[in-house]
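There is one chain below, alone, in structure tokens, taken in the form predicted alone.
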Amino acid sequence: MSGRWWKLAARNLGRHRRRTVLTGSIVVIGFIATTMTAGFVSQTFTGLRDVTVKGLGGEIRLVDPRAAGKTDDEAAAFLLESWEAVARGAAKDPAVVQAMPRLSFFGLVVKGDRSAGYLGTGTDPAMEQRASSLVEAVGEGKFLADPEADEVMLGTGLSKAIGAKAGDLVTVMTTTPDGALNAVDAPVAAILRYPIKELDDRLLYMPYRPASRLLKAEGKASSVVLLLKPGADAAEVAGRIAESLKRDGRPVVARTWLETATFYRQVKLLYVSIFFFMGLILATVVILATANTMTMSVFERTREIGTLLAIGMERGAVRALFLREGMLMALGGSVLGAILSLLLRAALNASGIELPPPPGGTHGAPLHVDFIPLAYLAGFVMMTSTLLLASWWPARRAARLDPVEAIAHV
């Protein structure tokens, strides 16, 4: 008997093609909007994640246990002893691609009679090129090459503040951990165009070994940054490495990129909130449009409904008939929406459209709408739920009609 009611519901939709096409179009557009938005947001998160990880130099940072609970600035004061042994221990994990030292320091950089404060980083040039996006930020000169050379890279804002350009000689001054003042003369290897102005005005990079000599901190590092293989779970690897180093007598605190990426978390929360708000608006539009269409259907079919009630159809069956019609429209619209969404996704991904750079990025990336199976499932559930909800009130009204009055309706 149930199959016959589904056939009757389908036949009713076929008899009212214009109304069915109108309502189905709303479902199709709603489904496409849901899946395409989810795919675009996913791409945005991926791009922002890549920019964040490259900015940090890797997915995991190993710092001294005394730095636990401290901010990045506070943690820089606690240096890891024998960072090379820590790096070798961490590199034993199969998920680790490389373990790179970083040494944080600050002070004044001087050229002639002009000076400015800087935030310095000592790093391994070859590893830094592999792990970060700094190479793409070079606007003048060449990236650091010799790990033993006393040379620096300056942010554009910092170079302008002291009037330096690539090839000029500057004096880098700093305070060592024991409070002594030290300085070194170093040529400017490159000028960096960093996308964040606050950092661009203070940024200074130097090879790790000259930086450690400048700070009189040979063999020490502020952190060891780990670059992982694609797809590796940073939190799982961090826990595994921390436990392994602890057993070897070298306790460290392992921080994942997500723990320190406050900006990434804030942007992601903002996007999720926007997506949720758009979903509520979309669901409301679908409900109102469908409810209006179904209500008009009840008015136009009043005599038909009265006849069905007069020949003995139960009121619950009349209500179920309208709900079945709503369900069929949701199913048909979702299937068509899924097909069109996949085709539109393929067309956009092949279009070569270039997106602007994400926050903190230096260059854009080709448009790529991700395929999110969960979004297609969510679109189906959303469209089905809204169609059933929109059909419920008209179905209830149809089931409560008086047969005599309904048959006499004009």
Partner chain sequence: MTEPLLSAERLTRVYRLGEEAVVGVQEATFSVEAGEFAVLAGPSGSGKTTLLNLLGLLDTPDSGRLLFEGRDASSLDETSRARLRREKLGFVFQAHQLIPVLSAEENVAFALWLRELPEQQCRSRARQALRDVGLEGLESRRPGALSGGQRQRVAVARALVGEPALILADEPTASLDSATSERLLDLFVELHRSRRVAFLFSSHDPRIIGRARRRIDLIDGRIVSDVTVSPAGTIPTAAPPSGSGREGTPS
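Given the structure is predicted, the values throughout are model-derived calculations rather than measurements. In this text, rigid core is short for the largest set of C-alphas that superpose within 1.5 Å between two forms. Positions refer to the first chain, counted from 1.
Form predicted in complex with its partner chain: not shown, discussed below.
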*asked:* Please tell me whether any heavy atom belonging to residue 315 falls inside 4.5 Å of a heavy atom of its partner chain, as the geometry stands in the model of the complex.
replied: yes
*With heavy atoms only and a cut-off of 4.5 Å, decide whether residue 84 touches its partner chain in the model of the complex.*
no
*Any chance residue 311 has a heavy atom within 4.5 Å of its partner chain in the model of the complex?*
yes
*Would residue 171 count as touching its partner chain in the model of the complex under a 4.5 Å heavy atom rule?*
no
*asked:* So if I measure heavy atom distances to its partner chain in the model of the complex, which of the stretches 220-228, 302-310, 174-182, 139-147 falls within 4.5 Å?
replied: 302-310
*Which of the residues spanning 3-31 lie within 4.5 Å of its partner chain in the model of the complex, based on heavy atoms?*
4, 5, 7, 8, 11, 12, 15
_Does residue 186 move appreciably between the shown form and the other one, meaning a CA displacement of 2 Å or more on the superposed rigid core?_
no
_Once both forms sit on the same rigid core, is the C-alpha displacement of residue 315 at or above 2 Å between the shown form and the other one?_
yes
